[in-house]
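First come two forms of one protein chain, each written alone as structure tokens, so that there is a structure 1 and a structure 2.
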Structure 1
């Protein structure tokens, strides 16, 4: 594993990210560098498809550390993030103890039985506990804007202490705090208290030159011309006020789809055939088809 302290400047982080296929601009590289060196969570906010989740994945590769992902959703609670007890195995264990006591004629010691039932072997670690126990690690708390206020309050405590308390076992504290990346698509505003715990990074869609570079980095076999055409068309699609503007992942999917059908250029026929790789709503596809001539103009 690579220690975060081995990176002595943002350029070194940018170079390491580039080796994973993630191209970071100076602002993003600086934010990642500071998060690693200051031990602060990195709060990434921006439109879907701007590379927030991919950044956490790339940082895990850079640090050669496991990525632990917590996908947030409406109604998520602390138990789903921390731990649960394996009740079926506990029940089986209890019945085995009872059968052994009946066979031997010995009485069960209630305290000993309870202690054995709440042993670590019956503990099911959920993502946050798993990240604290797996050190070092990268903890991705994805789409935190989908969780409710109570869950944000829970995260505040965990991020501040890098530990959790399990009543039956005690305090579990990370030997090395995980590098935490939180993402938000800004479907609602996340509380200031949580943001204050973090370094903040706003991610935009890459500019045309960077998107071409990303396509070439991830798909070296792609021709320069096709990479340029795909990136340019995607940039124009983002200006159409679509329900779901395409992200970088859709650019890559579109380029891959064009390659699979043997297209050497992005023209009207190949674009129409593969439009489903880049747009995911019928209304968006209809709007794009009406504008394809302009989208493909050089």
Structure 2
């Protein structure tokens, strides 16, 4: 168990992240460091495949804390994210009490019965409440840009106060605030009120050297030459103005695919066979195939 307060420098965070296989640049390390030290949520924005979600997973490993994940989608509401009452169990409880009272002939105290219905044991903890109750923890609010504007308002209290207000019970506050990571692919402008409560990290695709390092750290068996070639080709592909430029996940997939077919180097033949691991649109594949000769000439 590594407490967040044990990290006294961004470099220490970077080193800890690296031990989990996540290579952080100075900006990312500073962001993680400040998020831990200041207790601020970290808002990660950037192209898909730049390692936003993976960062939360790596941080959970670093802190040796459970990762609670909330996947946002259109129409998500508070009941799905914060908490809900277990209505069937409440009802069953009520019926049991009625039956017991009828059997024994006692009168039921209506107020007491009602109070017993809103007991903690009938409370269903959804990800946010769960993260507040499990301390310490890492709460990943994934793809917050997919949720509606209204949903962001629910998150404000959580992010600012590390607490959730449940009318029947009161305020549930975390003993140790969870480390919150929000991710966004920027399909929608997230409200500034939300961003203001967070540290803002804009993630870009890694540079060539870092991408090679990532490939090598995730796939130690990969030859230096192939890692270099894959990273270089992916970099050039990103410059082609594709519909979906490949992310780090795609370079990893590509390297894995090349290994599977037993390719020693990236040449025209092996690249064409495995292109589906990198490019997911027909137009992109067409475009890349036209440019492949130039791409592979280094």
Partner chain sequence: MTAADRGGSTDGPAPRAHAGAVLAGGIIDALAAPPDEDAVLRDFVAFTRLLRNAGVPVTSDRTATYLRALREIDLASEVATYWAGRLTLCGDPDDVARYDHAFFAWFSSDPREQRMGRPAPPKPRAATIAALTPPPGQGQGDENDDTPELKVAASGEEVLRDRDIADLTISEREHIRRMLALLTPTPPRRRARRRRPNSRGEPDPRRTLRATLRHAGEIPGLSRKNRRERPRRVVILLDVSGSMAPYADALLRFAHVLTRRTPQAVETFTLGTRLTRVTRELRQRDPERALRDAGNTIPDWSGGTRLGEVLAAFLDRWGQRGVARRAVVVIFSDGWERGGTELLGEQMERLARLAHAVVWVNPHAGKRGYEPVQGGIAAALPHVDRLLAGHSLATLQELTEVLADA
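Just so you know, these numbers come straight off a predicted model, no measurement behind them. Here the rigid core means the biggest group of C-alpha atoms that line up within 1.5 Å when the two forms are laid on top of each other. Numbering follows the first chain given and starts at 1.
- Each of the two structures shows the same chain on its own, and it is structure 2 that derives from the form predicted together with the partner chain.
- Taking the rigid core as fixed, one finds a CA shift for residue 195 smaller than 2 Å between structure 1 and structure 2.
- With the core held fixed, residue 89 shows a CA shift of 2 Å or greater between structure 1 and structure 2.
- Relative to the superposed core, residue 101 undergoes a C-alpha shift of no less than 2 Å between structure 1 and structure 2.
- CA movement of residue 112 between structure 1 and structure 2 equals 6.3 Å, with the two forms superposed on the rigid core.
- Look at residue 167: with the core superposed, its C-alpha moves 3.9 Å between structure 1 and structure 2.
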